[in-house]
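What follows is one chain in C-alpha cells, specifically the form predicted alone.
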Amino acid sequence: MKKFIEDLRQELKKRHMASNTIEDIIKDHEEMIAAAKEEGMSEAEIIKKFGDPKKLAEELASDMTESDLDTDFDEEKEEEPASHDDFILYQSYVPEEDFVKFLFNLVSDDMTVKVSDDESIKVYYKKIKNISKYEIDFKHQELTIKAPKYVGFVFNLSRGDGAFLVEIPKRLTISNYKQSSVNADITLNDQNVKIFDLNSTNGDITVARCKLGQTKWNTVNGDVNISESTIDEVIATHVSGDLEIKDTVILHDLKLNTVSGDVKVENSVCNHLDISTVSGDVHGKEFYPRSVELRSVSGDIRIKNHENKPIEIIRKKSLSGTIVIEHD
C-alpha cells in the first residue's frame, strides 16, 4: 500500500493542491486502509476499492475549492525544488524490495544518480521540452528511462542541454546498472552497485564514493573519473578519452585497453594490473598493484611510488614507448 499512497500523493501534487490539503487526504486514506485491513481485506481488495490513484486524484480535485489549491505554483513547471538546480520532479516510486535495477538509454541528456533524503526513488528532469516522449517506468523493481527514437529508428545525435536526476534511498542496492549513452555525461555518487555496465560515446563518466562489483565500460571520446571508491574488478576500453582513478581500492583486476587516451592512477591499489596502450601515456603515483602486465606501442608507462612494495612483473613489452616502475 505504500506505493498506492505515494502515487496518490504525486497525482495530487500534479493538480496543484495545497500541501496541507494533500496531507489531510493522505491521512484520511491511511486511516481507511488501516480500518479495511482490520476488517480482513487484502491489499488487492483495498486497491480495487479505492481505484486508480490518478482517477482518484481527479475526482478529489474536482471537489476542491480555491482555498484547497496552491496558488503560488509556476504553471510552466509542475514542481521545481530550489535545492535541485531547476530540476522538475517527474515521478516518485516506492520500492518494495532492497534491490533495484536501472536500465538507461539516453541521447544528449545527462544522468546523475545520488542518494535520496527519504524512502522513495525520485526521477527529476530539466530542459527537456517534451518529457512525455520518453519511456520512463518502474516495474518489477527495475527503473527504465529511454530517450525517444526518431524516423527510421535513428537517434538525434546533436548535443542537448537536457538532464535527468535520479535519487534513491541509501539502503538500496543497485543489482544491475546498465546504460548506453551518446553525447551524455553520467555521474554516480554514493551508490552500492553489484554490476555496473556502461557504453558511452562523447560523454564523461564520474563515479565518487561508490561501492561497485563487476565493473565494465566502453568509451569513445569521453573521460572517466573514479574517486574514493571500492571496486571488485574493472574491465575497460577507451578510444580517445582519458581515465583518472584516485583514492580507490580495486580488490581484483584492473584490465584496461586504451588507444590514445591517457591514464592517471593516484593513491590507489589493485591486485593485478593489465594495461595495453597504443599511444596513450600511463602514469601511476602511489599506485600499488601486486602484479602487472604492461604493453605499449608508443605510449609511456610510468609507475612511481614512495613505498618500496614488491610488484611482480608478469609481462612488459613496448615498441617505442618507455616502461618504468620506480621508487623514491
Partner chain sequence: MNAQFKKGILELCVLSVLAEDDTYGYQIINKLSEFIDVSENSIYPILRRLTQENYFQTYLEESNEGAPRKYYSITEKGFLYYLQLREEWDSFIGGVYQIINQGGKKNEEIYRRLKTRIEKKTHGE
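Because the structure is predicted, anything quoted here is derived from the model rather than measured. The term rigid core refers to the most C-alpha atoms you can superpose between the two forms while keeping them within 1.5 Å. Positions refer to the first chain, counted from 1.
One more form of this protein exists, namely the form predicted together with its partner chain; it is left out here, but the text below deals with it.
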When you measure heavy atoms, are 21, 49 and 59 every one within 4.5 angstroms of its partner chain in the predicted bound form?
-> yes
Among 291, 298, 276, 267, which has at least one heavy atom within 4.5 Å of its partner chain in the predicted bound form?
-> 298
May I ask you to state whether residue 32 is within 4.5 Å of its partner chain in the predicted bound form, using heavy atom distances?
-> yes
Does its partner chain get within 4.5 angstroms of any non-hydrogen atom of residue 314 in the predicted bound form?
-> no
Should residue 28 be counted as a contact of its partner chain in the predicted bound form, where contact means heavy atoms within 4.5 Å?
-> yes
Would residue 237 count as a contact of its partner chain in the predicted bound form, using a 4.5 angstroms cut-off between non-hydrogen atoms?
-> no
Residue shift check between the shown form and the other one, rigid core fit, residue 288 Cα at least 2 Å = no
Core superposition between the shown form and the other one, C-alpha change of residue 46 at least 2 Å = yes
With both forms fit on the core, is the shift of the CA atom of residue 308 between the shown form and the other one 2 Å or larger?
-> no
